[in-house]
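Given next, in C-alpha cells, is a single chain: the form predicted on its own.
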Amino acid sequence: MSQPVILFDPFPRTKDLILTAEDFARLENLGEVVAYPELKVPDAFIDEHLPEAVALIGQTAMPKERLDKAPKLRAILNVEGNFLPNVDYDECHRRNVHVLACAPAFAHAVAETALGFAIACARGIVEGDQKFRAGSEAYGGSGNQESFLLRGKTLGLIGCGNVGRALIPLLKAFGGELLVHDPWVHPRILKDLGLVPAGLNELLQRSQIVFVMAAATTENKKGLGAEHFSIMKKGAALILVGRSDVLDFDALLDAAQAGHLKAAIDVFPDEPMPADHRVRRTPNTILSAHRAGGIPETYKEIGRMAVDDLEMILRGLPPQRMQKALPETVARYRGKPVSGPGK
C-alpha cells in the first residue's frame, strides 16, 4: 500500500527555517513528503502531485479547479500566517478539507514585543538612549518629566485574538483595568477573561496605552483615524503590532509629530518603507521593521504546529494547534503575503 503524499510548498518559508530535524522526521513518518528542489514551486509540479496528496503544507493557490484535481486532500496547512484570498474556502469547507494558518505561532513573540514597546514608551527608553549618545542626556528626575508607570494604569486592547490573549497575562501583572474592543468576540468571553468590554471611543479616551492588534478585515480598513487619535489622552501611547491597514497611518504620524501621542510601530503600509518616507523623521515614535514575531523560535514553532495538527488529522481527529479558517469570518480577512522567509 502506497504512503499518503504530503505536498510541501512552504514559500516564502523554507524547510530549514520552520522544521527541526526531529519535526521533519515526524512529518516523513506520516507519508511521502514531495518537495520541489527550489524555493519557488512551479504550477506544473503542484498539479502533477495533487491527485495523490492528502495534505498540502504551504499557501499554494487552491481554487476550485485545483481542488477538483485533489480528491484525497484533507488539509491545507498555511505556514506563512495569513489567510490569503487564493484559496476557495467555501469549497474546502464543503469538502471537509481543513484549512489552517500558523498565526498562533507568532502570538507570544509579538505580545512580548508589544509589552517592551509599552515600557519603552512609558519610560522614554529609546529617546533616553538617543540623547545619551548625542551627549544631551538629562540625569535622574530631570530626564523623566514625561515618564509614567504602567502599574495601575488603564490599558486598552483593540483586538483580542491570538496576540491579545497572549498579551493579557503580561498586562495583568500591572494591576490596572484592561479594556478590550473586539466586535468578533462576545462580551461574555471577555468578562470571563477578567477584561472589560468597551466601545472604541471609550477605550481610546480612557487608556494610557492602546495596543492595536486587530487583523485587517473588510470592515476595519483605516478604521482608526485623526478623530480617534484626537480623543486619546495627551502623552498616551499607541502600540501598533497588528496590521497597519486598520488605521490612517498619516493621521497617526500627525498625532505623534504634534506631540499629542507616542507611538511604537512594527507594521507599515509598505514594506520596506521608502527611504525618504516621513515616518523616519517623525518624533515621538519607536520604529521596528516588522520584527515583533519573526524570531528563530517562532519559525520552528510553525513547523512543530503543522506536524502536530497533521498527525491529528490523519488519525481522523480535529486539528488543535493552528488557526482554523472559519466559514463565517475567513472571507472577511484582507491578508497580504509576506515577501520572504525572514518575515
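All residue numbers refer to positions in the sequence shown, first residue = 1. Because the structure is a prediction, the values reported are computed rather than measured.
Keep in mind the form predicted together with another copy of the chain is missing from the figure; the text below concerns it.
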Partner contact check in the predicted bound form: of 147 to 155, 80 to 88, 235 to 243, 251 to 259, the stretch with a heavy atom within 4.5 Å of another copy of the chain is 147 to 155
Contact of S142 with another copy of the chain in the predicted bound form (heavy atom, 4.5 Å):
yes
Taking another copy of the chain as it sits in the predicted bound form, is R321 near enough to touch it, meaning that at least one heavy atom pair lies within 4.5 angstroms?
yes
Give a yes/no on whether G225 approaches another copy of the chain to within 4.5 Å in the predicted bound form, heavy atoms considered.
no
In the predicted bound form, does Q130 have a heavy atom within 4.5 Å of another copy of the chain?
yes
For the stretch 167 to 192, return the residues whose heavy atoms include at least one within 4.5 Å of another copy of the chain in the predicted bound form, in the order they occur.
P169, L170, A173, F174, P183, W184, V185, H186, R188, I189, D192
